[in-house]
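Quick heads-up: it's one chain on its own, the form predicted on its own, in structure tokens.
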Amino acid sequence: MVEAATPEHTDLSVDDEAAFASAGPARALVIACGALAREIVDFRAANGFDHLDITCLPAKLHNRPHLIPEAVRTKIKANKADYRAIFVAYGDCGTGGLLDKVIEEEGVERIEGPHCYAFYTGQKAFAAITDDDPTQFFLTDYMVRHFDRLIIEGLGLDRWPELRDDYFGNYTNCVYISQVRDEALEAKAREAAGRLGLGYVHRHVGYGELAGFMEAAATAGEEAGAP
């Protein structure tokens, strides 16, 4: 069983690894990217999925996606004996299909999609948006909250601002796909677009396909019974 963490810890930094345990004995576990932690924990609480546990890997793994598959495998193996059902809340996230190989070998399920932008927006809707204009840079709530650390500091723009054109010169718009309606986050996203020299577009998409994934995980936990 994963150890509990208090709700105020759900806004993880890019370095955090944490677990969020249900109040009682859980039957299903979601292994998630740390960039999804706040949304997943809030969704669990809002829907009363008390039998669902969550454990998160550090969001900074996105900077080294080749490490994601084995990090997920380690989490699966560490928890497989304690749960009847395990779900993985990761897109392919740049692993080139290696994460799906781990998922198949370990006999668990993951949310469909190449990355969180697609499953937040919806696979078909995201494909339509990017087909219409491939020169868009996307931000989620998590990325807006941690914009300075993830983008400005993470890409070295605080030290070498001249790299902005190298990174973002081929983009036209910064598209904020929000999970919650928050005027402060919207203002910060608009400011972020300006700092990158991009136009600003806001699309409120909510939890998108992540909601159905979480509902399926919760249902599987209910049907599995206690381990």
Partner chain sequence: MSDDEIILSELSDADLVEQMHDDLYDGLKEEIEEGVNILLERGWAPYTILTDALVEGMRIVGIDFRDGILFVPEVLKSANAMKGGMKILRPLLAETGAPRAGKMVIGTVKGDIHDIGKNLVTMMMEGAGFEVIDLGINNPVENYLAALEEHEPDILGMSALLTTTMPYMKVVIDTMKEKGIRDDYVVMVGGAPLNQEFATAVGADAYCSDAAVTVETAKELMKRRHNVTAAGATAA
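Computed from a predicted model, the values in this text were never measured in an experiment. Residue numbers count along the first chain shown, from 1.
One more form of this protein should be noted, the form predicted in complex with the partner chain, which is absent from this view; the next part is about it.
- Out of the listed residues Glu106, Asp82, Asp92, Asp141, Asp92 is the one that sits within 4.5 Å of the partner chain in the model of the complex by at least one heavy atom.
- Look at 167 to 175, 51 to 59, 190 to 198, 32 to 40: in the model of the complex, residues with non-hydrogen atoms within 4.5 angstroms of the partner chain sit in 167 to 175.
- None of the heavy atoms of Ile76 is located within 4.5 Å of the partner chain in the model of the complex.
- Under a 4.5 angstroms non-hydrogen atom cutoff, the partner chain in the model of the complex has Leu163 among its neighbouring residues.
- Taking the partner from the other structure, the partner chain in the model of the complex has no heavy atom within 4.5 Å of any heavy atom of Ala71.
- Mapping the unseen interface onto this chain, Arg64 counts among the residues with a heavy atom inside 4.5 Å of the partner chain in the model of the complex.
- In the model of the complex, Pro134, Thr135 are the residues of 125 to 141 with at least one heavy atom within 4.5 Å of the partner chain, listed from first to last.
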